[in-house]
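Both blocks below hold the same protein chain, though in two forms, and each is given as structure tokens: structure 1 and structure 2.
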Structure 1
């Protein structure tokens, strides 16, 4: 039985990210390290036990989403809510956040990266869908959000109904493009959210659409230039991706998230990353049951 060395459960202010993390994501600030917990790797099985014994893990996150997963050119590590939840999972495997290898994942490569073993987990505003669960495992959700619109501050657009027949961008490979088309607008895909935001700023497209939490981060980053409008017109259940070759991951992730819901670390992570953008901390979502 492998026993990890004693470590603090949670570094003080370990999840503390300032307004700069969301409102000025280009500032280069980073979250604090989260120490791994005392765990017995013998309590785990399969790939979960292997990662625990190795004392290191590779996790895919976004690098261009202020408040969720963002890494500036000058920062050593990404920051945001997705990143902090990933640190909580790593800590429950006895792994310090400094021993996490962060890999940038874009919407189009999340399944391929998991299938190829390039990453152990993906926490990258990764909506749980039946289609994705056919090719990868998804546990959670750890956040439920909805699709809204990001438009120029002087735009008269109030709802997706105002954009019928007009171009609205999101990222290629996301479920947001499908929802845009379903509502009668023309979905245009770009490789990154940052590219999409720039197209809205320069007037190439009328609006950007994806999860409201993502849009809030970009609105804060471009205060006075962009705004979030409209009621959510979808429900996005954000979960953790893992390889189908490691089904034991689901129970570990679900147990870890439940503990974080119950002990307040999940809420603290939300408040310190997305809270400054004005998004109210929601109730913890109901977790899906793992399928055998």
Structure 2
């Protein structure tokens, strides 16, 4: 009986996969659809196996960060590096990227969404911190970035020291604001990064600061008007969030990321999404070990 059930599931997985593969044939282009891999859900345990068997997954990403997680008003699906890494994870569960349900997670609702089970994973420029690990699981990092400055193209500002006592904007409530204040500048917060970019463009503030990768996306969007300057003055380890109720998720994510680092899919995802904004593809970061 048990065996039959497993067989049926495997058959269903196979069917889903072949259909997914068919669907992908017509696609193409960079960072679009990624077909689910041929996996056996029996290799997984707990929640990971359930998701694999169900053939669908809900992933929280940001919708307002060009290059990382961005969804324009007309697009059906978000795009960016976070989204591509999410697709890689889904593919390793045998899930075609078209079957991924994308949910917008803003900084404030990432933990509540994971705790309530509204999303299975969160890839939303989600820094790994000990405080967050008390509430949710975080695997990774799949990227290490640091806070830099985005200034008008003709600005003479070279790094954060040039902005002592000046107002620098970022997103309300973010750790970036704390860091700006620590460095002697005055952090002012806006609801989203795009509003903050607007304040740099209209000259109200001289600079904006957050993770370099996010800034690079905006610099690319406003080419010729804005540039990224300065050495990173913080270290953010960007990881994947999952619910504490599903600790087995960690091993799966870590294994999947390891494979993506080794076979070049991770680097390709980076080049396709953040490459155009002029960021060099870094070395793959060291992954944290899972505590069991």
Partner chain sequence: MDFLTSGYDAYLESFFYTLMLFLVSGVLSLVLGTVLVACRVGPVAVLRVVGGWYVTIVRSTPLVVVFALFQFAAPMLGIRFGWVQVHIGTFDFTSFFAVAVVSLTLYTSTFVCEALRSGINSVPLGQAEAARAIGLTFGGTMSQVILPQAFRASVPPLASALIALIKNTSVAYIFGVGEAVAQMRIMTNNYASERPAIFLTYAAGYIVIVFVFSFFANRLEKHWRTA
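Positions refer to the first chain, counted from 1. Predicted model only: the values in this text are computed from it and were never measured. Rigid core: the largest C-alpha set superposing within 1.5 Å between the two forms.
Novice: Report the structure number, 1 or 2, for the form predicted alone.
Specialist: That would be structure 1.
Novice: Can you tell me which of 235, 178, 189, 106 is located at the hinge, considering how the rigid parts move between structure 1 and structure 2?
Specialist: Domain boundary, by the fit switch, is at 235.
Novice: Two rigid parts, two forms: what's the rotation of the smaller one against the larger between structure 1 and structure 2, in °?
Specialist: Rotation between the two rigid parts between structure 1 and structure 2 amounts to 12 degrees.
Novice: Rigid-core fit: what Cα movement does residue 173 have between structure 1 and structure 2, in Å to one decimal?
Specialist: Displacement of the alpha carbon, after core fit: 4.4 Å.
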